[in-house]
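Below you will find one chain, with nothing else, as structure tokens; this is the form predicted alone, and questions on how it binds or moves follow later.
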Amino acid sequence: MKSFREATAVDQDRQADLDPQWAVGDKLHGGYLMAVLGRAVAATAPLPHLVAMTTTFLRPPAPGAARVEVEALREGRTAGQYRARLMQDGTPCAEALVTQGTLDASAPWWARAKPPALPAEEDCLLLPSNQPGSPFTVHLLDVVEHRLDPACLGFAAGQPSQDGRVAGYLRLADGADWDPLSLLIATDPAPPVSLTLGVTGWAPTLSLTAYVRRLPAPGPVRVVMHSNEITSGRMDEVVEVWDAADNLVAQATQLAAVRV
């Protein structure tokens, strides 16, 4: 198993080797692909941290060789903006607008959001990569531990919830602490909200916007994801990511396709 840093490595020519273990079935995870794009931008940007990224997913790349094209749009004293494109066999697979900046761990000047009330981590269910009855393996669950709040698990017993909510704890299986790039993985957790509503089948991400708010404390992160509506064959998913010290460290909104 490659570590997160190894799996998202980009060399000086911006070549990447996309790792098949960071996948759901045979499709590479959206947050993982964003992290590869972010790694390529960080290698050239003068400012150290990713603070925002909006990614459009054009077509699923295959595991293996890929290249990231990076264009600097503006580089300022406190923020830099870049365009990054993931290419494979001469074809664009994902394109992102990325903002780099500097994050710290100081307390917020003002805050309204409250950390989620979840059961203890040990009382949440560790999701297996090979779920009984699942038509495919969720390889991602071998590299990112997902422990789900039991209140979200009715769908597994044939009793889907109408809450439209997924919540639980995430840890990197390699033991590394979370950082601004790996938090992109946490903004796209498993399973999709549609599955908890009883809608089986693929829910591919069309577009995902993520914000990284601060440097996370060591330990697991808590993720709460909910959907407001499924309509016209599409679903929104809104995510908050909280660190072990009750700090809001990342947020995201995505639009995914759903076959109802």
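Keep in mind the model is a prediction, meaning the values are calculated, not measured. Heads up: residue numbers just count along the shown sequence, starting at 1.
Omitted here: the form predicted in complex with a further copy of the same chain. The next part is about that form.
Student: I'd like to know if Ala156 sits close to a further copy of the same chain in the predicted bound form, meaning any non-hydrogen atom pair within 4.5 angstroms.
Tutor: Contact with a further copy of the same chain, no.
Student: Glu229: heavy atom within 4.5 Å of a further copy of the same chain in the predicted bound form?
Tutor: Glu229 belongs to the contact set for a further copy of the same chain.
Student: Would Pro128 count as touching a further copy of the same chain in the predicted bound form under a 4.5 Å heavy atom rule?
Tutor: Because no heavy atom of Pro128 falls inside 4.5 Å of a further copy of the same chain in the predicted bound form, the answer is no.
Student: Is Val41 near a further copy of the same chain? Define near as a heavy atom within 4.5 Å, in the predicted bound form.
Tutor: Contact with a further copy of the same chain, no.
Student: Pick from 167-175, 70-78, 119-127, 136-144: which stretch has non-hydrogen atoms within 4.5 Å of a further copy of the same chain in the predicted bound form?
Tutor: Only one stretch passes the 4.5 Å heavy-atom test: 70-78.
Student: Going through 173-212, which residues have a heavy atom within 4.5 Å of a further copy of the same chain in the predicted bound form? Please give them in sequence order.
Tutor: Sequence-ordered list: Leu197, Val199, Leu206, Ser207, Thr209, Tyr211.
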